[in-house]
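We begin with a single chain expressed as structure tokens, specifically the form predicted on its own.
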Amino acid sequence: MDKNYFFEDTITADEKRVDGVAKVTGAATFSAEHTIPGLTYAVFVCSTIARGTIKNMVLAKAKNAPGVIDIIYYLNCPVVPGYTSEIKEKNQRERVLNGLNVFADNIVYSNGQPIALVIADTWERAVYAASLVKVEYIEEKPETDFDNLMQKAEAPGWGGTYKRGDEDAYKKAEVMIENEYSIPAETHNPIEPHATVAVWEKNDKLVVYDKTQGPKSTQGDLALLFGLKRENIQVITEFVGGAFGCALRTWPHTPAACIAAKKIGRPVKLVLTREQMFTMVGYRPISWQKIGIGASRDGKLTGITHHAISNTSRYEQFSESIVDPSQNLHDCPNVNTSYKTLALDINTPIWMRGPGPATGCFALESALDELAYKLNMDPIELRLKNYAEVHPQNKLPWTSKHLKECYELGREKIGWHNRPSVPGTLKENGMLTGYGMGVGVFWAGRSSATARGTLYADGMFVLQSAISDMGPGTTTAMVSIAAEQMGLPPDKIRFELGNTDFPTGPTQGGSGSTTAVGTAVTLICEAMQVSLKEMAIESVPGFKNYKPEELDYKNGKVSAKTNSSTSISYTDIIKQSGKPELQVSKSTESFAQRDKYAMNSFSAHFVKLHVHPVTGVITLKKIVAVADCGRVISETTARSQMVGGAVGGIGMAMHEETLMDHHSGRYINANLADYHVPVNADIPAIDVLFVNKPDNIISPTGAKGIGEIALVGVAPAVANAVYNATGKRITRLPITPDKLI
């Protein structure tokens, strides 16, 4: 099929990543790379038990070590206003203050918890001194074994149960299946570890260089914690070296660096080690699911029951929407779900790419595949038979939905006609060969955002918003949108971000950056073009007799519609007006038509693989990822998102598993050597296809979210292909050879 089918409406002015050169040449400055005069270095001392209290800390040797400036722990930590009950009562955003209040007391909630901070004049000296700190504990037996403690799970404060139609209707169906599914904890492992550089310029003026997906969110959290006005805190995040969700909130290391910098009166840099990335900044929670699905003999779904449990920490409630796909992805009259959380003596989980739906779709899409075999029906035909033309819960129309096209494009590209209907019957070069598919879904609304645009007399158009870019290509997308709207070459446009001094941008997560900030950029361009027309009429002699509606703009010029020779460049308009620049700020509210439309992005993932019949080793041969993500703004960055999501899905399906020693409550593979992730040799050819039909209801850009649906649905596609190749249904991830032989 011709490539133009997928990208005929995309912006093609320049497909280079705007920030690509800076990143590959080392010119990009990440949070840990900022050098401030008088900088000191901080290193955490972490708990070696998972539950109990600190009885005593022996600090003498550490304090007397060379270069040590101070050691902060619960007995000498300065008062943090946000830890007090008075501030907590005023605080309407409890997620930070209900988290781990670092150095607030001597209680130990998890192994690896930060319990002291050593500050020295060099990082090496801080590391050495931290090794000299001795801690005496009153230890209690930890509870970390999820599988053996599930009976203690409780419903969270919201979303515990849901019922539509009859409960457990699947049990009365003509054809039914029932199965349980388990996913271990998966730890974020971006190449850039979390880091904070804290600088107190005055007693009430704080500057923080921090790895965060939400500079404005971090600014607000620190304002609450330290009792400051927001405008007195500046958070700077110029570049983010990957995050996948682990930088969605303010973790203990950020306030710890701020506490230390204020206490010693000097800037402090705190960088987490790889092991600390496992114990301090979240992970995809452990989960157990049980699904029952029933259908009539012709494949029409009659009932879905979905129960799920995931873990949280002892000191904080964390929950996510695991069961939601079963409620609304496929059309079914009778659905009931339940969701509970289990508090363990482990650090708090956090949203990881495709949060909730990635977990829930593994179970749902695996169960549908199992049902298809029992019905002797093609898995795609089963999904088409139960295609939801409107949202199954609220019966609202979709802003757009082109999942059928995803099925068709993926089916053709993967060679679905070669898929054997009987598992274990197809071989290629002596290898068992299988095909599988899975569907992805994620919310696709629009949050609020503000941006500022300044067009200078020299022709540069500078856009600014406080959003950060963790890698999806936000900078490139905004430049592409502005280039098309203004008719300017991309090299004349600069998008500046990652600084709370800029207009408010959303936290980057949930696949909402392009729709939110892109809408603000679109409004800026439209307003700026109106202003340029007015300026031309007011300041340029040749335009004085025209009305605004008689003028047009394209290719960086304003011209008369009836006389194209009467034209003038944007820059000349500004020069002739006598102004140095033209500046416009615009805000967009969050999507206001929630009561009229259902908003989702969709994807379909297809996998072909080989399984060695003796060793059980799986070799992925091809992946096809198809996205219904509205209009594709930048083919380069959109494809990168889909490929990255597929790689993450491969990790989820075949490699990733955070292992725990339940005796000590300690992770035993908290490093990049023992925690398995996909490497280049594990990645097959990946074809990325886009339906590429704009959704102009959600956003005038026509785009809707892509980042999450790039991963959601990949893991079940792999598992379903494994079953097609071997006849073995693996329901506990990761799928490793020992589970197949």
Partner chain sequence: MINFEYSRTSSVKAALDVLAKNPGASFIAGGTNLVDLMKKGVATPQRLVDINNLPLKQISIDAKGLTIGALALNSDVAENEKVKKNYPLLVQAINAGASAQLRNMATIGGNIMQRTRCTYFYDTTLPCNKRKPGSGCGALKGYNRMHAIFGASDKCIAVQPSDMSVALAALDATVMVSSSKGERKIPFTDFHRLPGDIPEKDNNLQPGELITAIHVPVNSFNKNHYLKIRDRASYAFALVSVAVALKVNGNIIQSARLAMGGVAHKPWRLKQAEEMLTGSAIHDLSFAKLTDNIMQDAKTYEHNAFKIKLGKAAIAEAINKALQ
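Residue numbers count along the first chain shown, from 1. The model shown is predicted, which means the values in this text are computed figures rather than measured ones.
One more form of this protein should be noted, the form predicted in complex with its partner chain, which is absent from this view; the next part is about it.
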Open item on the list: Can you work out whether residue 585 and its partner chain are in contact in the predicted complex, taking contact to mean some heavy atom pair no more than 4.5 Å apart?
Closed with: no
TODO: May I ask you to state whether residue 100 is within 4.5 Å of its partner chain in the predicted complex, using heavy atom distances?
DONE: no
Open item on the list: Test of understanding: in the predicted complex, would residue 105 fall inside 4.5 Å of its partner chain by heavy atoms?
Closed with: no
Open item on the list: I'd like to know if residue 128 sits close to its partner chain in the predicted complex, meaning any non-hydrogen atom pair within 4.5 angstroms.
Closed with: yes
Task: Listed range touching its partner chain, judged in the predicted complex by heavy atoms within 4.5 Å, from 707-715, 55-63, 27-35, 670-678 - done: 670-678
Open item on the list: Exactly one residue in 316, 491, 538, 275 has a non-hydrogen atom within 4.5 Å of its partner chain in the predicted complex; which is it?
Closed with: 275
Open item on the list: By the heavy atom within 4.5 Å rule, which residue out of 617, 138, 530, 150 makes contact with its partner chain in the predicted complex?
Closed with: 617
- [ ] Let me know which residues along 707-741 have a heavy atom within 4.5 Å of its partner chain in the predicted complex, or say none if there are none.
- [x] 736, 737, 738, 741
